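Next comes just one chain, in structure tokens: the form predicted on its own.
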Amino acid sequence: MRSFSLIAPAKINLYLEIIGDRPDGYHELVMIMQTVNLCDRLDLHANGTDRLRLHCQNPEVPLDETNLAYKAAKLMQQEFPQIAANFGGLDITIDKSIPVAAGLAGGSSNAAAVLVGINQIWSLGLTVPELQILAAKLGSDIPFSISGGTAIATGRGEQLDSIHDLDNLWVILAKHRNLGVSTPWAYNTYKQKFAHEYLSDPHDVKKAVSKVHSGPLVKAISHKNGVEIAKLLHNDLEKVVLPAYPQVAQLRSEFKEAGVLGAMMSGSGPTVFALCESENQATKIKEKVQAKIADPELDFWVTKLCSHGILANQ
């Protein structure tokens, strides 16, 4: 096999709770993560050289070793040096649909696709759990991006427990092109303001994680109850991002006033998502909010929740 094409979906957080500090410098998290059917396409081609080369039509995407897709390919070369030497370098072409720096794990999803694609091209035969162990070396969202669907993520986000897949709801995504939120800033600011609430005892941390596993949101997801899910959306980072970024707060407020099931910032932002019961409802509300805010820098996408992670592009 000389080439492979893959679909890499974006993700949103239906739940994000910061429960403590970790010895490795990350935060102890409990999240419920969900893939959505807004996807990048990646094409991997053996290029007959010993080089890794990235290509992307979006000028915002770095095409050097800072790109997570490049880091994923480099990691595979380091983990399997003999096989890498036999197969040579790769051209990795990213057809970008997921907005950049949006809190939608686009870069993580691209990295996950590279791991899956190289596993196929090099005939490594790695299982999903084995790929996820490699993925955790690169970033917290990448293990989830491989498997996708609906999952509870704990630790720094790399420990995953799949739950009932949620694919019956539609979602509007909205992001200001001229707005970015630094993820380290969001977490550090949260820590400055709320560190006194952090749990330090391992037993208390375990209890908090268990509470989410058996909690009402997981139950609502298992019943695919969109109204209940919307009521239970939660993101701790909204406490620091919304006051500092009024455009994000306004977008969330306008969605709620327009009659969506529920709306929330995804991850550290600045993307806001709104859950809807149907494509028709999502399209109408998108048009309503778009007309009300009337900002040429504001982009919208209407898509659906999905039950998959990285897929071969048929």
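One-based numbering along the sequence shown. Keep in mind that what you see is a predicted model, and the values were worked out from it rather than measured.
As for the form predicted in complex with a small molecule, it is not shown, yet the points below apply to it.
S.K.: Is it the case in the predicted bound form that V61, N67 and V100 each bring at least one heavy atom within 4.5 Å of the small molecule?
M.R.: Spot residues vs the small molecule: full contact, yes.
S.K.: By the heavy atom within 4.5 Å rule, which residue out of A174, L115, A105, L90 makes contact with the small molecule in the predicted bound form?
M.R.: Going through each option in turn, the one that passes is A105.
S.K.: Since exactly one of H234, K239, R156, K96 fits, which has a heavy atom within 4.5 Å of the small molecule in the predicted bound form?
M.R.: Here the answer is residue option K96.
S.K.: Find out whether any non-hydrogen atom of T183 is located within 4.5 angstroms of the small molecule in the predicted bound form, and reply yes or no.
M.R.: So T183 counts as contacting the small molecule.
S.K.: Picking from 166 to 174, 199 to 207, 67 to 75, 218 to 226, which part of the chain touches the small molecule in the predicted bound form when contact means heavy atoms within 4.5 Å?
M.R.: Result of the contact check: 67 to 75.
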